[in-house]
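Just one chain is shown here, as structure tokens, and it is the form predicted alone.
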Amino acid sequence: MADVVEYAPQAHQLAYTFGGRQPVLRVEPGTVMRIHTEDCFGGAVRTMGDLPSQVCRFPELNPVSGPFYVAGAEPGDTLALHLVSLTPARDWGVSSTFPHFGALTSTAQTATLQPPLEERVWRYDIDTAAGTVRYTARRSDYTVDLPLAPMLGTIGVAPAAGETRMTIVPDLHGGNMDTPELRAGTTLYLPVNVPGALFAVGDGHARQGDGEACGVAVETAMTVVLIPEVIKGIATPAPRLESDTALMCVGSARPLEDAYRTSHTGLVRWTTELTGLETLDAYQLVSQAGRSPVGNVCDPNYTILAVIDKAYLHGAAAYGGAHDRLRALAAHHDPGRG
């Protein structure tokens, strides 16, 4: 079993930006890392009476653990992060509505005349043994058990050109993408913009629906086991994901159709690179075989994915088979030990 490097930050060590911070740890590629993360409220929202506007200090929301310096990563390379396991660190999670945040409320960008939504908190019971997350209505006795589906809402690297971005923003550096595809068994590919890449992770969700409509998932602290790898000399223009069965390109922009265009342009170009297809032939294949799960429609940028099953690509190997190599390395690691 591989040795495990563990990082558990104190509250004052949490980060709220990508870029603009010194690394907390230096690791070698191939290192198995166990990283402890806080929820998007920094653990301050614990009961239904804890309104975020009262118990959280703005703009210190969406904390991440890191950044981590990966030895050998240089601008122009690609950082691969393989998610080995995601385990809720609490037996509860919380969600909420905000007066001017979420897909179905008036915002400064889309102003309407109706009153703002009420700020309200829901508390969810998380049963890891049963694999469930229990929804309980606030204004009735209605309950339903939903499948536990741990994911990371936020993961990214330092942006280019010395830029600093709030952790709530998704963009070319990754960030708050809020896609349920960021689950255990997935490899995320990110551009390396600065020496060491300086990646950070956080914003664990016990589960989230596509789109994260109200703006808040079932937020919980998470224990993240991952393995970084550096892919030398190959640049990645925007975040990409690979599972055992699919390739995915991430687009983050406003309006939503531009996020759609960004993700699908990326997937058409990636398909062209992997198969040798001419651009319009690849466009046609993606048009008929692709899928478009939505990450979020509430953050400063919206996020949508373009997905194609690898079965349609005749065995083409992305990044020289990095996902399979990391999968094999993860198979030798028991995330419950170390």
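Numbers follow the displayed sequence, beginning with 1. So that the term is clear: the rigid core is the largest set of C-alpha atoms that superpose within 1.5 Å between two forms. Since this is a predicted model, take the numbers as computed values, not measurements.
The following text describes the form predicted together with a further copy of the same chain, which does not appear among the structures shown.
> Any chance all of 235, 240 and 327 sit within 4.5 Å of a further copy of the same chain in the predicted complex, going by non-hydrogen atoms?
Spot residues vs a further copy of the same chain: no contact at all.
> If the cut-off is 4.5 angstroms on heavy atoms, which of these, 91, 257, 74, 244, is the one near a further copy of the same chain in the predicted complex?
Only one option qualifies, and that one is 257.
> Even though a further copy of the same chain is not shown here, does residue 116 get within 4.5 Å of it in the predicted complex, heavy atoms only?
Result yes; residue 116 sits at the interface with a further copy of the same chain in the predicted complex.
> Is residue 220 part of the interface with a further copy of the same chain in the predicted complex - any heavy atom within 4.5 Å?
No - in the predicted complex, heavy atoms of residue 220 and a further copy of the same chain never come within 4.5 Å of each other.
> State yes or no: in the predicted complex, is some non-hydrogen atom of residue 143 no more than 4.5 angstroms from a non-hydrogen atom of a further copy of the same chain?
Residue 143: contacts a further copy of the same chain in the predicted complex.
> In the predicted complex, does residue 125 have a heavy atom within 4.5 Å of a further copy of the same chain?
Because no heavy atom of residue 125 falls inside 4.5 Å of a further copy of the same chain in the predicted complex, the answer is no.
> Please name which of the stretches 65 to 73, 305 to 313, 47 to 55, 25 to 33 has residues with heavy atoms lying within 4.5 Å of a further copy of the same chain in the predicted complex.
Single hit among the candidates: 305 to 313.
> Can you tell me which bits of 181 to 219 touch a further copy of the same chain in the predicted complex, meaning any heavy atom within 4.5 Å?
Residues within 4.5 Å: 207, 208, 209, 210, 211, 212, 213, 214, 216, 217, 218.
> After the core is matched up, is the C-alpha of residue 140 off by 2 Å or more between the shown form and the other one?
For residue 140, whose C-alpha is compared between the shown form and the other one after core superposition, the shift is less than 2 Å.
> Look at residue 115 and decide if its Cα position differs by 2 Å or more between the shown form and the other one after superposing on the rigid core.
Yes, the C-alpha moves 2 Å or more.
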